[in-house]
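The chain below stands alone and is given in structure tokens; this is the form predicted on its own.
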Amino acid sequence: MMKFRYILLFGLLLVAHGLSAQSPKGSVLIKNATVLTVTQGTLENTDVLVEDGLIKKIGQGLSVPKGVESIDASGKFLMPGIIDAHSHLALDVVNEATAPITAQVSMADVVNPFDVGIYRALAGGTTIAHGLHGSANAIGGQSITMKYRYGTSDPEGLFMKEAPRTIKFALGENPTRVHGRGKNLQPRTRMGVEAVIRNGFEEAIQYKKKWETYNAAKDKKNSTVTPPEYNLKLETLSDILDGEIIIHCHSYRADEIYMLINVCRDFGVDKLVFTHVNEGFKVAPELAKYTMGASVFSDWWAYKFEVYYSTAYNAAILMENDVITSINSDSNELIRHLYHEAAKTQRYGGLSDEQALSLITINPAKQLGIDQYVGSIEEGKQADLVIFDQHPLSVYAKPQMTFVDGIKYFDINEDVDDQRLKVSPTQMVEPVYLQAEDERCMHGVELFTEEAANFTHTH
């Protein structure tokens, strides 16, 4: 009898844990909005019914189910939640800069759900962001795709569990400065970066072979084989080679972008996204043919030598060459202005409304492997939605409400001065800038050389 009680108690604990691990889902009817679906055109005077976190129905004159809140969005615009494919927001640390390859570390271990920046991002309509490792290493740590469910104290409550695994790579000045000039280690040059990546993949292949040999022999009669030593770094690199992890690579110059394309082709890796990509317009056909796209700044360059050359037409050129293109923030400030950043492509390149909005919705969703769940307003997709008072590509537009999984996390009419969840008596309120002060790809990295000490920009 006692044994039965223990089993029953254990079962109840498992059920309770499972319930607590589920992210909250909401239901709401948004009526009479101009719906910017992104993938299926613009729908005037249209209702969107959300049930249990999913878009249940899109149409006109929909009835309000019993117990479901109804919001009149007459004269307003409804668009999918904005997605940022490159962010370091809500991460306690960014760089494990101790070696050229640190694939064994994971940003999921350093998520800070109390970061008030999450709320600020929601106030800018951003519902999902890709929390990336920094760019100090040729191969950095695994990244984490987060849904901004602000209010949870559990870091895992922010994880988008449907999202595939991703990892950060970096080319150019950052890994060569930190390891080559900083520690006299490889890589010191761009050819060294290529060698580090190729050697890492080769080592992973040998590691896989050892395990395959062991697994083939271990169950044979009288087998005495012993397993190889487990190595998380090489496990992760093996998973990249097996197509289980999407690479997001920090890059600027066309030559190094083309180099990594060729390296990945040599090793059969096709899940590759380039980020920053300021000279991407020079290799647009290759990016379209061999990669999952490019995530760029709208008009930001010339802050260091390798990013001296670029153009504000970069995103439009990439789009017109069929590259899956997104615009990212890489900034705790720009993340709440991404709709402004997308609108710049209409000034520089003449993109249509649908093309410009795709840069911050469905295209980053494709780059993160989550486009079947989010990135557009379609029946059956997750209800990450934003209501704007004007068209979101207008310079005068302001987000009014932001929903994640049908739950309202931001309402401009309920916004109070201090939205922090956890306040330390000694903590200073972070300043809010009208423009980005710096990027965070090199956050936490000590610059080791005299030359670097004079390097005033942190990126």
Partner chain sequence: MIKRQNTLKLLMVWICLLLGQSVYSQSDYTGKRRVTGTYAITNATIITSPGKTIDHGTIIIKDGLFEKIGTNAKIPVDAQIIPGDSLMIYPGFIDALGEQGVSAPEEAQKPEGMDPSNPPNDVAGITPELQVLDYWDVNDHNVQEWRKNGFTISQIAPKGLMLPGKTALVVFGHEKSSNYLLSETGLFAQFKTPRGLYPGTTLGLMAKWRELYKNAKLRQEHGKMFTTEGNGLARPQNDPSLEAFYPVINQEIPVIFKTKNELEIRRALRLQNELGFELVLAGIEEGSNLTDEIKAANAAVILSLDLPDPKASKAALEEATAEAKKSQERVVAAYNEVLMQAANFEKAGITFAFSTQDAKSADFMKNLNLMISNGLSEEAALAALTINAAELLGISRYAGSIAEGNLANLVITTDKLGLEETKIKYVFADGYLFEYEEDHSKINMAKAKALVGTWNYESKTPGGTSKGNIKFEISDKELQGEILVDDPEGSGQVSRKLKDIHFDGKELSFTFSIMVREEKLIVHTKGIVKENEFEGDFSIKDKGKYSITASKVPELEF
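These numbers were taken from a predicted model, which means no experiment stands behind them. Numbering follows the first chain given and starts at 1.
What comes next is about the form predicted together with its partner chain, which does not appear here.
Comment: 102 to 110 is the region of 249 to 257, 384 to 392, 68 to 76, 102 to 110 lying near its partner chain in the predicted bound form, near meaning a non-hydrogen atom within 4.5 Å. Residue contact check for F114: one or more of its heavy atoms lie within 4.5 Å of its partner chain in the predicted bound form. Residue contact check for N45: none of its heavy atoms lie within 4.5 Å of its partner chain in the predicted bound form. Among heavy atoms of L185, some come within 4.5 Å of its partner chain in the predicted bound form. At least one heavy atom of E96 is located within 4.5 Å of its partner chain in the predicted bound form. Here is the short version: of Y348, W300, F267, W211, the single residue with a heavy atom within 4.5 Å of its partner chain in the predicted bound form is W211. This chain lacks the partner; the member of T226, S352, T189, Q372 within 4.5 angstroms of its partner chain in the predicted bound form by a non-hydrogen atom is T226. For the stretch 407 to 426, the set of residues having any non-hydrogen atom within 4.5 angstroms of its partner chain in the predicted bound form comprises D418, R420, L421, K422, V423, S424, P425, T426, in sequence order.
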